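Next up: a single chain in structure tokens, the form predicted alone.
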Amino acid sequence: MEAKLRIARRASATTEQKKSSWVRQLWDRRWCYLFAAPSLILATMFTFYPIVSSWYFSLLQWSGFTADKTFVGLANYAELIQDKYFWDAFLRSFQFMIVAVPIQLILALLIAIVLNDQALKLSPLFRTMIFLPVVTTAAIVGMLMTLILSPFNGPINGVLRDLHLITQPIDFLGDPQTTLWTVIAVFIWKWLGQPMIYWLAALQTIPRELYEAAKVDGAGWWRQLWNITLPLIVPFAIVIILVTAVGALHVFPLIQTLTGGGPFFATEVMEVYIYRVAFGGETGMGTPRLGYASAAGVFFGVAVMILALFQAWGARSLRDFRSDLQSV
């Protein structure tokens, strides 16, 4: 009996000691938590709460503008699976990403390699010029490009006519055959500076001594790129691809100002589709369906999350592979 009491007292003392240690650690780091609190509050208000709410709303038949809500379970998801416009927008979003991201990343890498050359004295100026569209509001870029690409006295059509490349103006944003490719080109131009900065940061982690040693051994520019630059920036490439790919799936302000999803739904990606269903109905003039739009948003969000998990798995596998190679 006495032994059991001693064990109980010892367990109680250990618990109190752990609790005291936890409270002490919390108190010692109080300034860290205090400075992190505003970010946590904002993230809760504008990120976590909308995510949780959209899951709940997706189970309702609700316009979003009245108090009349009807719980319908998974009926919105069942309807979504049979919605042709939803699948068109869903596939168009990934088509947009698959075309835009490789072109953007390759162009940004080539520009970054050129601008990383210390012999180029005007490199900071070129970096600023290329990065300038990134900090420009997407809505302003969209409105400006609408004027530049206009078939009525737009400067692009004027230049093409002056060069005798075309005889009739091209309606870049009004022709269903050209509008999606035009939007992709504008997107690549606007966001080209962002991956360029990422690539520059990755390139500047490579020691200059490696290139100098390679030059002494007679390696040219191509061999230096293939044997030094590319292998050493691969770990950064996974993260850059992930960030750029996710960014290519969030193009609502640019497309909304350029085409509004038209003509004839030719540029309607998922974000534009969700906006149209949530606030304008299927025809743009019908009853808003916030519950149905939330179901579409949840479905799309899960798809993007799966894509991010695949890329994270790929990054981890690549890191393990490199570790195995270094240990051999």
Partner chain sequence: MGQGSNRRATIVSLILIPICLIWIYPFLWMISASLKTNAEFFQGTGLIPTTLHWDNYVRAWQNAHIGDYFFNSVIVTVAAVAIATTTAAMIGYVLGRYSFPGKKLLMGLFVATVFIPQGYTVIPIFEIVNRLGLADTLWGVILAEAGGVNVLSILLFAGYFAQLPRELEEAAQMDGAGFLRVFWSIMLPLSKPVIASTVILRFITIWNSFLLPLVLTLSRPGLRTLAVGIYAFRGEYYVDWSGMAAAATISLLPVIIMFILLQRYFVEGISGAVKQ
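Numbering follows the first chain given and starts at 1. In this text, rigid core is short for the largest set of C-alphas that superpose within 1.5 Å between two forms. Fair warning: this is a prediction, and the values are worked out from it, not measured in the lab.
One more form of this protein, predicted in complex with its partner chain, exists but is not displayed; see below.
- Query: Would you say all of Arg29, Asp117 and Thr136 touch its partner chain in the model of the complex, counting a heavy atom within 4.5 Å as a touch?
  - Reply: Per the other structure, all of Arg29, Asp117 and Thr136 touch its partner chain.
- Message: Partner absent here, but in the model of the complex, which of 82-90, 142-150, 164-172, 226-234 has residues with a heavy atom within 4.5 Å of its partner chain?
- Response: Going through the listed ranges, the match is 142-150.
- Task: Would you kindly say which of Ala78, Ile103, Val159, Ala213 lies with a heavy atom within 4.5 Å of its partner chain in the model of the complex?
- Result: Answer to the contact question: Val159.
- Interface membership of Thr70, its partner chain in the model of the complex, 4.5 Å heavy atom rule: No, Thr70 sits far enough from its partner chain in the model of the complex that none of its heavy atoms falls within 4.5 Å.
- Query: Given that the partner is absent here, does Ala219 sit within 4.5 Å of its partner chain in the model of the complex, heavy atoms only?
  - Reply: Although its partner chain is absent here, Ala219 would stay clear of it in the model of the complex, with no heavy atoms inside 4.5 Å.
- Message: Taking any heavy atom pair closer than or equal to 4.5 Å as contact, tell me whether Thr267 reaches its partner chain in the model of the complex.
- Response: Thr267: no contact with its partner chain in the model of the complex.
- Message: Taking its partner chain as it sits in the model of the complex, is Pro155 near enough to touch it, meaning that at least one heavy atom pair lies within 4.5 angstroms?
- Response: Close contact exists here: in the model of the complex, Pro155 approaches its partner chain to within 4.5 Å, heavy atoms only.
- Taking only heavy atoms into account, state which residues of 288-309 are within 4.5 Å of its partner chain in the model of the complex, ordered by sequence. Those in contact are Leu290, Ala293, Ser294, Gly297, Val298, Phe300, Gly301, Val304, Met305, Ala308.
- Core aligned, does the CA of Phe35 move at least 2 Å between the shown form and the other one? It does shift by 2 Å or more.
- Quick one: once the rigid core is lined up, does Phe264 have its C-alpha move by 2 Å or more between the shown form and the other one? It does not, since the Phe264 C-alpha is displaced less than 2 Å between the shown form and the other one after the core fit.
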